[in-house]
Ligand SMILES: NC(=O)c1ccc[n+]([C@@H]2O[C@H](COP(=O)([O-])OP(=O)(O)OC[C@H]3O[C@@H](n4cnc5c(N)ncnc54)[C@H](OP(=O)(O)O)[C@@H]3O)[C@@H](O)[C@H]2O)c1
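What follows is one chain in structure tokens, specifically the form predicted alone.
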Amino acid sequence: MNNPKKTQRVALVTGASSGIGKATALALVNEGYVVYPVARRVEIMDDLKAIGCIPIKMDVTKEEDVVAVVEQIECDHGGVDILVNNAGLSVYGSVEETDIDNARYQFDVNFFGLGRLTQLVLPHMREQRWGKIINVSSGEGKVHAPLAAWYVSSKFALEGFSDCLRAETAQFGIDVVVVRPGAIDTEITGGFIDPLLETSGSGPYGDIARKMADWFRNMGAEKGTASPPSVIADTILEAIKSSRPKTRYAAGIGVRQAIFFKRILSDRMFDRFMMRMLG
């Protein structure tokens, strides 16, 4: 491994072509970090390249892509010091009606791809006895919702993974942090309305599906019902810059309130609370 003397920490941000990932890459490069934003759609990261980032095409579910990116960063800058695992996919629909291959792909993106990338960056962090791993979960990593079982399950899994990883790696000076976004105005929010309705909109769960779709259609920063991605980028930056970060951060509209009600209500009371939220 090439280990040139570093004058800057090196950050790898996944899912950086839009939304939270792009906002995070922007925040980090403005703070003077060397930033590698990665995503499948590298062609829409030219704006990040123009301000000093080093975009690379990567599909987090493809072993060859993940290995190649880590090797390139090791060759060019010694290794990854800060990993922001942000790439994510939302598959909404009833448990009964969701295609099981789509459910598996949900876990490949949100959990197994993230886990493999984490494995590859750990040796460098461990050897230098310093590292930051920021896992972008969701309010739904703590709070369940109807028609979200596959997505919620992937985020619950990520939270457990993060706890175990934190306990394992603390001895090497590596911080593992979970960030739970609330309602954030990103393209992923609007992108699953049509698939949701296609999966469950006309079947036995159609009433809930249509109400959920309407709820998402009314979500937006300009309407005051969602926060801009910069809110999460700022939270991630806070965790990275802290010498002793919290193990979990929650930011964005609605997330703290939802977690609070989940804590104080019984499961069935919270079920009713969620259904009322959908109207």
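Start at 1 and count along the sequence shown; that's the residue number. This structure is a prediction, so every number in the text was calculated from the model and none was measured.
The next section is about a form of this same protein that is not shown, the form predicted in complex with the ligand.
Legend entry - Contact segment among 242-250, 207-215, 25-33, 38-46, judged by heavy atoms lying within 4.5 Å of the ligand in the predicted bound form: Single hit among the candidates: 38-46.
Legend entry - Heavy atom of residue 132 within 4.5 Å of the ligand in the predicted bound form: Answer no; every heavy atom of residue 132 is more than 4.5 Å from the ligand in the predicted bound form.
Legend entry - Contact flag, residue 187 vs the ligand in the predicted bound form, heavy atom cut 4.5 Å: Answer yes; at least one heavy atom of residue 187 falls within 4.5 Å of the ligand in the predicted bound form.
Inset, instruction - Evaluate residue 60 for contact with the ligand in the predicted bound form, applying a 4.5 angstroms cut-off between non-hydrogen atoms, and reply yes or no. - result: Yes, residue 60 sits close enough to the ligand in the predicted bound form that at least one of its heavy atoms falls within 4.5 Å.
Inset, instruction - Using a 4.5 Å heavy atom cut-off, state whether residue 84 contacts the ligand in the predicted bound form. - result: The answer is no: residue 84 has no heavy atom within 4.5 Å of the ligand.
Legend entry - Non-hydrogen atom within 4.5 Å of the ligand in the predicted bound form for each of 142, 146 and 156: Spot residues vs the ligand: no contact at all.
Legend entry - Contacts with the ligand in the predicted bound form - residues in 82-114 whose heavy atoms fall within 4.5 Å: Going through 82-114 in order - heavy atoms within 4.5 Å of the ligand in the predicted bound form - the hits are 86, 87, 88, 105, 109.
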